[in-house]
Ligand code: ADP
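What follows is one chain in structure tokens, specifically the form predicted alone.
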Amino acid sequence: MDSILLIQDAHKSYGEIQALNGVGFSVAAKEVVALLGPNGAGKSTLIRSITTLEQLDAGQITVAGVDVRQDPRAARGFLGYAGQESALDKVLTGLEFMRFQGGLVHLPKAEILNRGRELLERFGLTEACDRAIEGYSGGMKRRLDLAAAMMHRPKLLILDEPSSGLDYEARRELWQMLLELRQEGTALLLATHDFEEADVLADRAVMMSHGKVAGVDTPNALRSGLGSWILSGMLHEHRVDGDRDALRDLFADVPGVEMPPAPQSSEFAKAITPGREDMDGRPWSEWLRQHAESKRVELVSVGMRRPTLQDAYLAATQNTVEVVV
């Protein structure tokens, strides 16, 4: 498919900090791509570069075929953006804000009012359109942000932490709206810390760490790439010095990827190699318990679960500490 967004070998540094180091991926029409990574992974720098607020040191970004460095104004015409922090004016009404937004994106005056009312209806805000925005709920403000970003019918919609601060029901409602936009042909790039959000919405996930792309694929492929199961064991409820070394020795015969530990975790875990559903004809949990008994190791618990997208991210990035950029 033709790329609405194409990023090629993007580099950006701030002094000695390399925020982007050879980043490259694409987003096609009717595709949702999730940009995953903690603070400092390079997501914000990349978004600022796409939206023409920053210039790359090297590499190229094109939006709908337009180079953002060579013709930033034309590129912005294809972009919609809703940041993590609301940019709403609480004094204006919903309709007034949409009319203001229409002027900012240079819509014809004759079109602004109709387009504003159309989007307010689309996002369930018609009844509140004449109320001051300061009286809107968090979910309503997020929907208004999204509606404003769609005023000029962008080909690419960029959202930074779209469901941040929303309750469960409002999140689900927002996700459904985003999937509808995608079905209608809008390409979406979501920067998020929320692995569930990426799993629900994304056709592909881009995993970033230290300014680099650690992996790109469908959420299902990223999960299944780890293996069929994640097998874990604990020696004590709370971490004790030497536990991890003892468990590493216990798990040495388990074919798979050692999973990075969660902070302060006493658990040791491995993602079992794809295709291995058992060990020597015994279920994994039974094999591990018997293996522990043979080594005179007493396990307080054994667990098995399917890999998650968060597991895939942690395995790809090795759960490294990020430098905040």
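In this text the structure is predicted, and so the values were computed from the model without any measurement. One rule holds for the numbers: they count along the sequence shown, beginning at 1.
Just so it is clear, the following notes concern the form predicted together with the ligand, a form of the same protein that is not shown.
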Worksheet item: For the chain seen here without its partner, which of 60-68, 41-49, 24-32, 283-291 has a heavy atom within 4.5 Å of the ligand in the predicted bound form?
Response: 41-49
Discussion item. Using a 4.5 angstroms cut-off on non-hydrogen atoms, would residue 312 count as touching the ligand in the predicted bound form?
Written reply: no
Item to complete: Tell me, yes or no, whether residue 17 is in contact with the ligand in the predicted bound form, where a contact means a heavy atom of each within 4.5 Å.
Response: yes
